[in-house]
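Here we start with a single chain on its own, the form predicted alone, put down as structure tokens.
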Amino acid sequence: MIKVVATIVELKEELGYYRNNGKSIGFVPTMGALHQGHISLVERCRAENDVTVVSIFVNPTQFNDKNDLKNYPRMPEKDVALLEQAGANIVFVPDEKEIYPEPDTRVFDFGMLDKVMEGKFRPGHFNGVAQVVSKLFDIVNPHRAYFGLKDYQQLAIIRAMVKMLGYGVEVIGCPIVRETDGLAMSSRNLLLSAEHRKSAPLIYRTLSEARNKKGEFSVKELIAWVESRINSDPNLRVEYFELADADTLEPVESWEHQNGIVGCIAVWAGNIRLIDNTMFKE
């Protein structure tokens, strides 16, 4: 039977029992509106830990658009039922006052990591992510925490934060889960109109084709090709497509780049913003 708790006191009490018995604690932080991508994280967490904790909290400090926060899908009862089915042990569903009894004024310095791509177009977003994830890590104190690779830059930021704050948590990135037509699963997909949903698979289709065209184009030319291919659909508009160093996320100039290369993209489908990524060079 899944245990649903809303307060830090109650959660710590629950986890104290497991901790005192030497059990390993795995953690999956989410903002709810769960889909198969989230469930894959829960399943991986279950396989690697004695106890699986999932949090559902729509974190206001990481939204730089008030409408996005207001419209973000919320379906807690459905989420809890899904998590019970997936075998999670504890669901933590705090309200805003519980996580932020007073405003969090911490400012994190991630160097260039949060200035490019998402950071450039969503100022303050990653500072909010670092605020909430660090708070949740303090509360849950997990051995391992699981995040989807769809939010590639977010994962890099969380790894940097863990190092910066000296947390003993192992951060595990899990593969992107896709719909049958290739669209990366996202809670925001629920907000797409039928017409935009029909166009959205072009994003991953284009990324996949672009991977095979590396030999034909320079980095700059490939970026232009991806943007014009996606923008040729009137339902889609590329905000950015970046070929970046897989670790530092700084833009790369050529395919001879010594490190791995990741292609990260953000696309507007109507007023819904979709992100995706794929490796261009391991």
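Quantities reported herein were computed from a predicted structural model and do not represent experimental measurements. Position 1 is the first residue in the sequence shown; the rest follow in order.
The following text describes the form predicted in complex with ligand PAF, which does not appear among the structures shown.
Judged by heavy atoms within 4.5 Å of ligand PAF in the predicted complex, the contact stretch among the candidates 253-261, 54-62, 239-247, 218-226 is 54-62. Screening A156, L192, V133, V140 for any heavy atom within 4.5 Å of ligand PAF in the predicted complex leaves a single hit, V133. The contact with ligand PAF in the predicted complex, taken as any heavy atom within 4.5 Å, belongs to V129 out of I99, A145, V129, I90.
Looking at T30, you'd find a heavy atom of it within 4.5 angstroms of ligand PAF in the predicted complex. When ligand PAF is considered in the predicted complex, D151 lines it closely, a heavy atom lying within 4.5 Å.
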